[in-house]
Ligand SMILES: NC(=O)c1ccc[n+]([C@@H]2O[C@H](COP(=O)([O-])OP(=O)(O)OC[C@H]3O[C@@H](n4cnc5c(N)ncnc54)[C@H](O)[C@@H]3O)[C@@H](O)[C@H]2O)c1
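Just the one chain here, laid out as structure tokens, in the form predicted on its own.
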């Protein structure tokens, strides 16, 4: 296979990010169709990629029936991931699925089983693992340059809330899933261990109107995790975060510390008597991890062409779903939860 034909499943923000990557940066891929239940949104994205409207669909069944493609890039709301993955696999289409993988571990199993049965690839969208800074940090940790790990603190603060569908925890598993799945995965990946225990507290500090409709909704949380190898993990979650997008990790070892990421968009700093010290902050997750999105999408295409297995699998997605469910249970019951 010289070129992988792609269907973008979901024409929202994440669908556009991946679409831009495939259209602009990966010559061995071709966007051949777009699906979204909002047909106008799908048409607008299609025009950006110079795609004929006859290849735009508001029913995924029609996309699968009337347009041949090799891979589906699933970026729709979480509660649809299982269905669209199973439908794609039955048509022998490889699947890239954005995080969170699904609402329940049972749905994660269904997704993995469907892809395994049809012998198609399944890759999860944890782009941080493809970020140069995170990859360098992983190398430093494995070299024990900072000694044995003690604590991993991950800051995950999003500038804007997900879509309204996500306000109901039954549809989304809450902001810990929609915003902080990356933080849970980063702690598991960097620690090299599995989750043992979690204790989480959360509240709704900024969105009383949402809270009146969805009493379980929260917009900030603090999560304490104990890994099986004894390393502690901490997650600081705020969404919406008024000052911008903030994704940083601090790793403390027995001999040193390392920091991943920055709140600054670039290294340029101005200093004047009138305004003091100033450096623009990062405003968008799309800008902060754009190179990582390119790397993860290129990896997905390379795995299809070269018949390799993705380095981020359905099991990685399922682990993140399990810990989020446990953290939400901890919030509800007010006590630590053993996994």
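Positions refer to the first chain, counted from 1. As the structure is a prediction and not an experimental result, all values here were calculated from the model.
In what follows, reference is made to the form predicted together with this ligand, a form of this protein that is not presented.
Worksheet item: What is the one choice in 230, 77, 211, 192 with a heavy atom within 4.5 Å of this ligand in the predicted bound form?
Response: For this set of options, the contacting one is 77.
Item to complete: Sort through 259, 243, 199, 165 and report the residue having a heavy atom within 4.5 Å of this ligand in the predicted bound form.
Response: None of the other options qualify; the answer is 165.
Worksheet item: in the predicted bound form, which of 203-211, 140-148, 92-100, 220-228 comes within 4.5 Å of this ligand (heavy atoms)?
Response: Of the stretches listed, the one contacting the partner is 92-100.
Discussion item. Under a 4.5 Å heavy atom criterion, is residue 323 part of the interface with this ligand in the predicted bound form?
Written reply: Judged by the heavy-atom cut-off of 4.5 Å, residue 323 is well away from this ligand in the predicted bound form.
Discussion item. Please tell me whether any heavy atom belonging to residue 67 falls inside 4.5 Å of a heavy atom of this ligand, as the geometry stands in the predicted bound form.
Written reply: Residue 67 lies outside the contact set for this ligand.
Worksheet item: Counting only non-hydrogen atoms and a 4.5 angstroms cut-off, does residue 10 reach this ligand in the predicted bound form?
Response: Although this ligand is absent here, residue 10 would touch it in the predicted bound form, with heavy atoms inside 4.5 Å.
Worksheet item: Taking 4.5 angstroms as the cut-off for heavy atoms, does residue 130 touch this ligand in the predicted bound form?
Response: The answer is no: residue 130 has no heavy atom within 4.5 Å of this ligand.
Item to complete: Select from 29-53 the residues with a non-hydrogen atom within 4.5 Å of this ligand in the predicted bound form and write them out in sequence order.
Response: Contacts from 29-53: 35, 36, 37, 38, 41.
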